[in-house]
Each structure stands twice: as structure tokens, then as C-alpha cells.
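Single chain ahead, written as C-alpha cells, the form predicted alone.
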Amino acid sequence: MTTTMPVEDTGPQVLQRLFDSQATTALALRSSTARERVAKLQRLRDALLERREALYAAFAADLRKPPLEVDLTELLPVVDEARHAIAHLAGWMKPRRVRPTLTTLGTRARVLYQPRGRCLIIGPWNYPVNTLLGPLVSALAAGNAVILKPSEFTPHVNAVVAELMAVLFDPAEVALVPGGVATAQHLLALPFDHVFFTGSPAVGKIVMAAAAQHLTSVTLELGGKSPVIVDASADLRRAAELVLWGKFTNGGQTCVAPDHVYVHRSVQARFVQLCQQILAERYGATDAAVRASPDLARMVTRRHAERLGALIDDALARGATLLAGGAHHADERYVAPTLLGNVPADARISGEEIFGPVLPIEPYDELQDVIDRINAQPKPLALYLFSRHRPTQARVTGQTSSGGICLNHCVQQYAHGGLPFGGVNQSGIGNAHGLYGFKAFSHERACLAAGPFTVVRLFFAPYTGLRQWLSATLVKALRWM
């Protein structure tokens, strides 16, 4: 069972012509009004919802994704992103006044928000609507021309999105181009004004290196091994319910999904027992029931399923304990929701981002040991702590670094339009969503205007004794201000 179909790459000459055609549009969009941009967002939102049934069918073909998950993880985030931008765009676009400093008395200063220009958005396969059209909302709100490059692994979803773009936009403003790695390479060779990439850290480095050739700014939404900590004070039922929801939605193919769990040894057995019960309640008590469940998405390709199966087999061969699941069938792109215990440090799954429905659960005795282990690894995109102990919450928040952190919750930091979403170092550069997405696709331009009198006139040459005294006095005064 596979949905991967050959995708013809878009050639460099076609891409160059398309890129050139957007130059005039990008200049014109600099003067677009909030009303004009809002109208585009409204049309995008409405047209997307009109294709709801077509998207259900497309996601079923590409990922066997349940319609409810399509609604909650693909459509809802884009619609909410558009709603938030529509409500606040006029305020975001207003120049922000800045008070003069002591050395700039007599001037007026503002920060202007200008479109970056021609932007490239490269989306991944795991959430092919959400991660492509969410950034598009921000790019349109900021007044840009955009080329969209979706993943070649979701051809049915891409066909619906391509038809949507063709109906809504002139390609000189927004265009979707199909293709695989070669198309992405040709696009990255062009001097875009901004590149927004969602994907793996390995490919993110390639994107950043290509953008550096043109000194193009980038937003990189990457990933990493996002840990969960469950301490002895946690509401274990709540923790198990939320962790398993965040882990197994979309078949575990989520950048902010929990990667592995550290659970305090005193509550480990109860936590594992609850996880086993919840998995049986949600997907079935036998492998046959789980395989037949309509609520479990599949891996995107056979190759991805084989990789997950190999991680499970390698961990078990090295001594890990199978706590639940374990079955995998590459031909069906099926990997059962799997819980592993006692995973050795040399197992492949301990070093690789899992990105699938496999959850290692490891006991700990001292919280500092967990903090030290987290800090010894690349900074993750997310960190999840389940604890009712306020000092523990403060300690973990203060002593670790991650793109975002959730206390007694899971994954929902992504859905909050008022929060910046992004990674740090290995897990990403820059932020998205809401105001932060608008700023990602905008140039914050400093604008200073002189008044009738400015302080700087007091320091023109010739440098008399009085002017030397004034400058020395100013330097001393600034020290105490």
C-alpha cells in the first residue's frame, strides 16, 4: 500500500520566469492596504473550507488521516490563523512611534512595517495544509508575493491546494510549484527576500546555506527530540491522556510531539499501566483491532514505515522492553502505537528524532539528572513537564532551554496565536504565528525625522572647549540614567 507517485520537477527556466514575474507584484504590494490584505485572507479562509470534503479524501489517500484530525490539525489552525490576522492586521500595520533618547532629542522616530518582497515557503509532508497555508496567511498579511513548494510525498493533498491557489491568486502574486528535491534546489538558488522552511534540522542546514549565498533572511521551523518529564506529584491520568494524544495524533508525525518520557521511578509502574489502558481504549486491545482502527493515521511512505520498524527492532534487540504495540507492516505503512521501556543508550532510537508512533518511557530518581541530560543534547522544539509542584515547574523552566514549554499540557503551545512558535538553535530560527508571523515576513524599518532643532547641532566642529565639556557631561550623565 503506497501513495507515493512520481512527481515531475519544475525546471529552472520555468521557476526563473515565475520568480521574475513576481518582482513587479512585490513592489506594488508595498502600498497595499489592510483592507485589501484582509479581503485576501477572507477569500483564502472561505475557499479552504469549501474544499473540506475534497481534503478529507486527499488526506485519506496520502496519510489515511481521520477526518476529525484533518479538521483539528490542518483546517482549524489555518482558519484560526486567518481569523487572528483579520482581527489584528490594521493594528499590526500601523507605524509604531518611538520616544527620542537623550542623544536624539528634537527628532521623531517610528518603526515602519514593510513587506519583505518575494518569499519562498517550503512545506513538509506531515501537515501539508497547516504548515504551508499557515505561513501563507502571515506572508499575505505582511503584503508579500509568494511561491509555495509543498512536499512531493502528499500528492493528493497538493492537488487540492494547487487548485485552490490557482482559483484565488494570479501566479505573479502566489504560485504553487510541484516537484521534489531538484525543484527545491532550483528555488533555493534564486535570490528570494525571505525563505520560510518547515522540516528537519538536516535539511534546514541546507536551506540556510543556500539562503546565505544571497544573504536571504530565513525562518526555520525544525524539530528535535522533545522530552517529557512526569514527576511524582503529577496527575498521572491527565499526563498519560495528554502525552499519548500529543504523541499518536497524525501517527506520531508531528514536530512538537513528545519524543520520549522521563517518569519518576515511584510512579513509573502506574504511569505505564495507565498508558496501556488508554491505548487499548483509543485504538483497540489487540493488534488486529489497532490495524483496523479508523482513528490511527499511517506513515506517509513505505520507507518511513520501514525506518520506524527498524528503530523498534533495533531497540528490542539491544535489550529494550516492549510495553505495548511493536507490530509494523511496511506494505501497509502501518506502525502500531508502541511503548518501550529500558531502552539502552546505544539504541538508534535514543539518538534519532523518532517522528512516529513509538514512545520510550524511562524512569528517573533525581530531577537534576534529567535536567543535565536535556541540557547535554541539542535544544528541542518543545519540552513538556507534568508536575503540580510549583518549585519544580520554576526549576525546569529556568534551567532548560527549548523552543517552547508546556506545563501540565501537551502540544497546545502550537495552537496559541498570541504566542511565538519557533525553535532555538538546532530546533529552529525565528518565530511564526500571529504578530510573530507577520513580523517574520516584514522588514521593521527604522524611520527618523529631524525637527527644527536637534541636539547633534551642539557638537558640530570646530570642537571648542564648551563643546568638549558638553560631550563629556553627556557621557557621564548617560551612565546614571
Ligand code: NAD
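All residue numbers refer to positions in the sequence shown, first residue = 1. Since we're looking at a predicted model, the values are computed, not measured.
The next section is about a form of this same protein that is not shown, the form predicted in complex with ligand NAD.
Listed residues S402, T249, Q268, S151 were compared with ligand NAD in the predicted complex; S151 is the one with a heavy atom within 4.5 Å. The contact residue chosen from G199, P227, G309, P360 relative to ligand NAD in the predicted complex is G199, the criterion being a non-hydrogen atom within 4.5 angstroms. Partner contacts here mean any heavy atom within 4.5 Å of ligand NAD in the predicted complex, and among 388-396, 339-347, 136-144, 190-198 they occur only in 190-198. Looking at P124, you'd find a heavy atom of it within 4.5 angstroms of ligand NAD in the predicted complex. Heavy atoms of G223 reach within 4.5 Å of ligand NAD in the predicted complex, making it an interface residue. Although the partner is absent here, E353 lies within 4.5 Å of ligand NAD in the predicted complex, judged by heavy atoms. Taking the partner from elsewhere, A82 is found to have every heavy atom lying beyond 4.5 Å of ligand NAD in the predicted complex.
The partner is not shown here, but in the predicted complex the stretch 177-198 reaches within 4.5 angstroms of ligand NAD through a heavy atom at G180, V181, A184, Q185, L188, F197, T198.
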